[in-house]
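For reference, the chain that follows is the form predicted on its own, supplied as structure tokens.
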Amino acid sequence: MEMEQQTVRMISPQDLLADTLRLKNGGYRLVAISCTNKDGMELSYSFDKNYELLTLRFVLTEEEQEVESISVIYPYSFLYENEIKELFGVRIKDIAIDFEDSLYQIPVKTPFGRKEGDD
């Protein structure tokens, strides 16, 4: 049995759309988008082609920094992006279907987002 290949490529948030479009045109499918609050908001966009996993990753260090939605390229990404926006407070703009923080019924705003003193 052949082992899967996995590659993580660090990019800048400004390169996300161009790199995502290149992957789409290269035959990659979007597998998942995830976020973690570790030394800033770390976003990982994972793609697959022929059992090869490629992850584009970047860290947002400034709370006010915006990220462009990839839903113009992968329409179904709107669910991942709404979740990250609502739970982590990442400012994702131009989401194809934006639930405007009403995807979940949660008692606190951005429960996994930055807290006072997280600098």
Partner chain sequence: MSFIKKSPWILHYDGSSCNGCDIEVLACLTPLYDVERFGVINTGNPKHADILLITGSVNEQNIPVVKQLYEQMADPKVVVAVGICANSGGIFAECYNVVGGVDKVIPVDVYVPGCAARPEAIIDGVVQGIGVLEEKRARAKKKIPAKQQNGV
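Residue numbers count along the first chain shown, from 1. All values derive from a computational prediction rather than experimental measurement.
Unshown form predicted together with its partner chain; subsequent notes refer to it.
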Answer yes if any heavy atom of residue 18 is within 4.5 Å of a heavy atom of its partner chain in the predicted complex; otherwise answer no.
no
So in the predicted complex, does any heavy atom of residue 90 sit within 4.5 Å of its partner chain?
no
Quick one: does residue 13 come within 4.5 Å of its partner chain in the predicted complex, counting heavy atoms only?
no
